[in-house]
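Next up: a single chain in structure tokens, the form predicted on its own.
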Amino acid sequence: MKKTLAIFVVLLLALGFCFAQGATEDTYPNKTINLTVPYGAGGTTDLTARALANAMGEKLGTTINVVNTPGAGGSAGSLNVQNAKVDGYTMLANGMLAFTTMPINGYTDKTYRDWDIWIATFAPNAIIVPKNSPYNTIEDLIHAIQQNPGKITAGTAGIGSGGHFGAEVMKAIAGAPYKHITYAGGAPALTATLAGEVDFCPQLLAEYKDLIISGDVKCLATLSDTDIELAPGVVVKSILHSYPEAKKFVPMGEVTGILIPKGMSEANLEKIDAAFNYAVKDQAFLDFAALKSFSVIPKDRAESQKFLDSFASKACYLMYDAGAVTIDPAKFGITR
């Protein structure tokens, strides 16, 4: 009798567990989702995250709160998500330049392969200077870096950020170092540039499009491989016009997307798939992207992983070859 009762209790517990699991799959999400942006408000990653959050939340039937957690070039917020419970209620929005280079910066032993990722947008770097800067062409700036090694200042969102990569391209072209001044995000770096605290800002075009159009900053070149028309009569030129040898670096810019550490059930991942696919086709999101001169390049989980195989290689070896990091990307299985 006791044996029969014990078996009955075990069966009840098993059924209860299966029911609970089924309920979890069926009801996700049933509370607010937090979407961490590892930078301050106003930068390209933050802007993209907020636009995606609105549409994805609508599809999922819940609110997605954007939580800005700046620090350590984007690694602080990223590691918070990496270490959180993997239940779909803590997500990350990040730029892939910063994200894929976290291992070679010594922040983590995990790579992009340990995450489920949905890529949404691309924004090229643009090299801007204050409107009263003595530099009027990209040649002026490169010449100044060459003549004053280590003294010309660049303001970026930190080590490994999209702006840092733009600065490293300037260093590679000039064959001389700049002085790196880091901020808590793209917006503070831009504010510093407007105030004349730094000589140039190599952040992302989307972050200062309006200021270029208004003439409050001068855009010397973009790291796109084509010229870009921002408004009628306002065209920003590719750096390739002046430095065709930069072809091996461009297009250079930030690819932004949504990320979750691996471990979620396939059923719930498919719900996020559907929400992401809805968001990148949402007219409000498309209008936002056009307004900011983003390219919308939506990729599903499998496509994102394949894309990052080559993207991470380009990003990591640019940093490694430039001497910005000392950890060999090959340690993490990232090949040239």
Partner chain sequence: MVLQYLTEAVFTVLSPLNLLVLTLAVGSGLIMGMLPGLSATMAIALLTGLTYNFPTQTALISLLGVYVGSISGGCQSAILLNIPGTPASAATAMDGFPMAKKGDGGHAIFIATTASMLGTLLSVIFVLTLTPFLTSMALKFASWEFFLLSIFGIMICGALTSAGNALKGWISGILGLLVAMIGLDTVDTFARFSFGNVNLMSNIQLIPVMIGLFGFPEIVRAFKKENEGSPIKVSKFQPKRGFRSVFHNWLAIIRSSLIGVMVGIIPGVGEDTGGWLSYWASKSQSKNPESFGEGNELGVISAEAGNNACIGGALIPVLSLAVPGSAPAAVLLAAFLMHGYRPGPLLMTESPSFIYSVSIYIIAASLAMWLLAMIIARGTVRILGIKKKLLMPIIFLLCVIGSYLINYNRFDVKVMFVFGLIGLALSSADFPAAPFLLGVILGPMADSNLRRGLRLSDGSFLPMFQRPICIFFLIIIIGMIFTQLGVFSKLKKARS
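Small disclaimer: the values here were computed from a predicted structure and weren't measured. Numbering follows the first chain given and starts at 1. Take the two forms, find the largest set of C-alpha atoms that superpose within 1.5 Å, and that set is the rigid core.
Not on display, but discussed next: the form predicted in complex with its partner chain.
Asker: Thinking of its partner chain in the predicted bound form, which stretch from 219 to 227, 195 to 203, 109 to 117, 258 to 266 has heavy atoms inside 4.5 Å of it?
Answerer: The contacting stretch is 195 to 203.
Asker: Taking the shortest heavy atom distance, is T182 within 4.5 Å of its partner chain in the predicted bound form?
Answerer: Judged by the heavy-atom cut-off of 4.5 Å, T182 is in contact with its partner chain in the predicted bound form.
Asker: Any chance A51 has a heavy atom within 4.5 Å of its partner chain in the predicted bound form?
Answerer: The answer is yes: A51 has a heavy atom within 4.5 Å of its partner chain.
Asker: Test of understanding: in the predicted bound form, would T153 fall inside 4.5 Å of its partner chain by heavy atoms?
Answerer: Yes - in the predicted bound form, heavy atoms of T153 and its partner chain come within 4.5 Å of each other.
Asker: Does any heavy atom of F288 come within 4.5 Å of a heavy atom of its partner chain in the predicted bound form?
Answerer: Yes, contact at 4.5 Å.
Asker: Is its partner chain close enough to S133, T137 and M319 in the predicted bound form that each of the three has a heavy atom within 4.5 Å of it?
Answerer: Judged in the predicted bound form, none of S133, T137 and M319 sits within 4.5 Å of its partner chain.
Asker: Using a 4.5 Å cut on heavy atoms, which of D273, E58, E303, D309 is close to its partner chain in the predicted bound form?
Answerer: Here the answer is residue option E58.
Asker: Heavy atom within 4.5 Å of its partner chain in the predicted bound form: which of V129, L79, V236, A144 fits that? Just give me the one.
Answerer: Residue within 4.5 Å of the partner: L79.
Asker: Across 208 to 234, which residues bring a heavy atom to within 4.5 Å of its partner chain in the predicted bound form?
Answerer: K209, D210, L211, I213, S214, D216, in sequence order.
Asker: Following rigid core alignment, is the displacement of the A289 C-alpha between this form and the one not shown equal to or greater than 2 angstroms?
Answerer: No; A289 is a residue whose C-alpha shifts by less than 2 Å between this form and the one not shown when the cores are overlaid.
Asker: Aligning on the core only, does the CA of L308 end up 2 angstroms or more away between this form and the one not shown?
Answerer: No, because once the rigid core is superposed, the C-alpha of L308 moves less than 2 Å between this form and the one not shown.
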